[in-house]
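One chain is shown next in structure tokens, namely the form predicted on its own.
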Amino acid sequence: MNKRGISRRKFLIGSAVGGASVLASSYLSFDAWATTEKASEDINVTPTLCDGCGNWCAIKVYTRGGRVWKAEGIPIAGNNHGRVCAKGHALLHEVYNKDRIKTPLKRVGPNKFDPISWEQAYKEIGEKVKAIKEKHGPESLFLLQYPEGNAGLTMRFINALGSPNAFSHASTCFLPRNIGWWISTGSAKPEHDLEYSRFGLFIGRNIAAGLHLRQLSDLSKAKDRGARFVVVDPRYSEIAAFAHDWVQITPGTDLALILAVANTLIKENLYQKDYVDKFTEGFDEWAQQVKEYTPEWAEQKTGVPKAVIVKLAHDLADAAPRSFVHRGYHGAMGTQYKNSFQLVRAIACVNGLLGNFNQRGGLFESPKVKLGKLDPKKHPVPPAIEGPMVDGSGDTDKYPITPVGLGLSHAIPELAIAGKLKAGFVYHNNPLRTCPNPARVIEGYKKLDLLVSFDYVLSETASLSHYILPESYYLERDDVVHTHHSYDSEQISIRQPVMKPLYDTKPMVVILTELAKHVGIGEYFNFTLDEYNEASLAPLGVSLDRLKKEGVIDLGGKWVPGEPHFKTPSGKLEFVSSTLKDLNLPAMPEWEEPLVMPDKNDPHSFRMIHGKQAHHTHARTVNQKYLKEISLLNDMTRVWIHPDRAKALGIKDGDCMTLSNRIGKGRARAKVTEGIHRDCIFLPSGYGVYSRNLQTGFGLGVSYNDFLPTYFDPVLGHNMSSEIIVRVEKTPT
């Protein structure tokens, strides 16, 4: 059986010529090392930050004899409170990964690379960037990154080049969630006072798989106190197993359920009237509109009985203001459906009806640490870049509310094919695997005159790049000061090396500083990382030496419940958005059909949905052998299908299925279970590595991106990643 899943062999990126000379030799053998004398020598403990996901949990890493030994969580850290997940433990080993890049690489043929010096790489990249900028203008350059950690430095780099084109992964992850909350409340990502809640409703949010250690801990404490939690999801997810009740819903119809909950709260006078009168705008207008969204109507859309919808509304109201509808992440409120933006808006409004903003057990805006900046007299600031991005983000005629600096990463291939983008830098991102329609992505990136990757392995994107500048592994480098993700206090933390670099790699700040001189923007990088970090810490009265010693410092600034402060134009939560009204966009949350639906008359037609597993992040952790082993031992790459639908197709548990549509074709083994809605199949994300250079992860599982067309949501431009219809067949033996 073809386990890789995607049948188009031209997608496969083969092994690099001379790979043994440019990649590290092997994983650390702990058994062998433990028998050496060095195992008992030189035990050191260094606080730093994990790199297993976007939570950036604070950890202490132990080394023995100069080698990584183990990690423990730092108890005061707001994200993990002393805990370390499977990813955090396993990724310690990656510093010794056999797939690591040892030195800068230059592509000399299809997947053929020669090791070169840093100076040669800088010189050649600098010459090419200058030539492209001169011929096509700075707007032909772009940066694509995961927007955390060193993002301030990389943004400084691309802006100094004169380009506004800084992209993130937002359009394939969280864009509707952030913009929906910002439009409604003025805060892009409110937090939850989970520990003191009494009732919570999760709409497709799965914090037990899209793992958040602190939130899980707080939910457990609340549950012990008698709080109840309900999960609405087409699939019986990990968090559904934790919750008290699971409501199975037709995928893509969560918006109808929430509108009907609002209808019930208003019709039965269950909402917090005094709060709504004082702190919201446009209630009467929206209340009139939601009259049509009755529980009976929603039952027809969602498949959820009207009595269940009414009970959800009553449960939320009975516990208010210590109740909430979770703000979401990548699930139903992320870049999933054509109506995801409307869903986020509706959920923000329902939380407004509950009167829970800035209330104990409800939602609040977490305290923010205000870092200092470099002295502009000594360290010039790049000129501000005017105008929208090349993809239309910030353009009043295209995507006016999609922020410049987030952008639409899946638009890059289209813009390259159209000749609007000529050169790019990719950092902590792998668009050839994480963007839809890989054939189209490869076609687009091949059109670029220059592609530079900052990576430590030959990922799919790195394997197509002209140059690879290897960043030191996170255990080997310093990074910028981090405002730690504690949602109830102000914290700062820092990543620092626990060991010396094993190979000829460099921290990102050093790479940018040295490269800046060759691309003609050296004056904007005339500082060291220590100078940058000391300037960041100056307003806080904290020394860099102290932060490095402690790893995490709690600055106080605890959140205090009280009257809410909304940062909207009206200063209130907006049921009717003045921003959307001014742009002639729907100003109130209203019903919108999903983009596509499976054919009910075709037994082979299914919607494909996807979701995370707790031991994987995006597409990069499956190349870690211990995390891969978890997947193999638990048979976790299978695709879920309902027993009735499977029986009609002659598919039994464990059988091989063929999945296909006009974009892609692949194979996967079936997990036949009643834990999935009849209309869809569930594909676990994080698999489908197709770079042969990633020897551990290659060939395991399938990616939903292999079947996802290159969509652009009409309002925000996101990729609508669950608007996928596939044909499912039993694979002939």
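Note that residue numbering follows the sequence shown and begins at 1. These numbers were taken from a predicted model, which means no experiment stands behind them.
Same protein, other form: the form predicted together with a small molecule, not shown, and the subject of what follows.
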TODO: Using a 4.5 Å heavy atom cut-off, indicate which stretch of 617-625, 293-301, 188-196, 111-119 touches the small molecule in the predicted bound form.
DONE: 617-625
- [ ] Check whether Asp391 has any heavy atom within 4.5 Å of a heavy atom of the small molecule in the predicted bound form, and answer yes or no.
- [x] no
Open item on the list: I'd like to check something about Tyr690: if you look in the predicted bound form, is any of its heavy atoms closer than or equal to 4.5 Å to a heavy atom of the small molecule?
Closed with: no
Task: Contact label in the predicted bound form: Phe682 to the small molecule, heavy atom within 4.5 Å - done: yes
- [ ] Indicate whether the small molecule has at least one heavy atom within 4.5 Å of a heavy atom of Phe454 in the predicted bound form.
- [x] yes
Open item on the list: Looking at Gly444, Pro438, Gly252, Gly551 here, can you tell me which has any non-hydrogen atom within 4.5 angstroms of the small molecule in the predicted bound form?
Closed with: Gly252
- [ ] May I ask you to choose, among Gly611, Gly355, Gly282, Pro367, the residue with a heavy atom within 4.5 Å of the small molecule in the predicted bound form?
- [x] Gly611
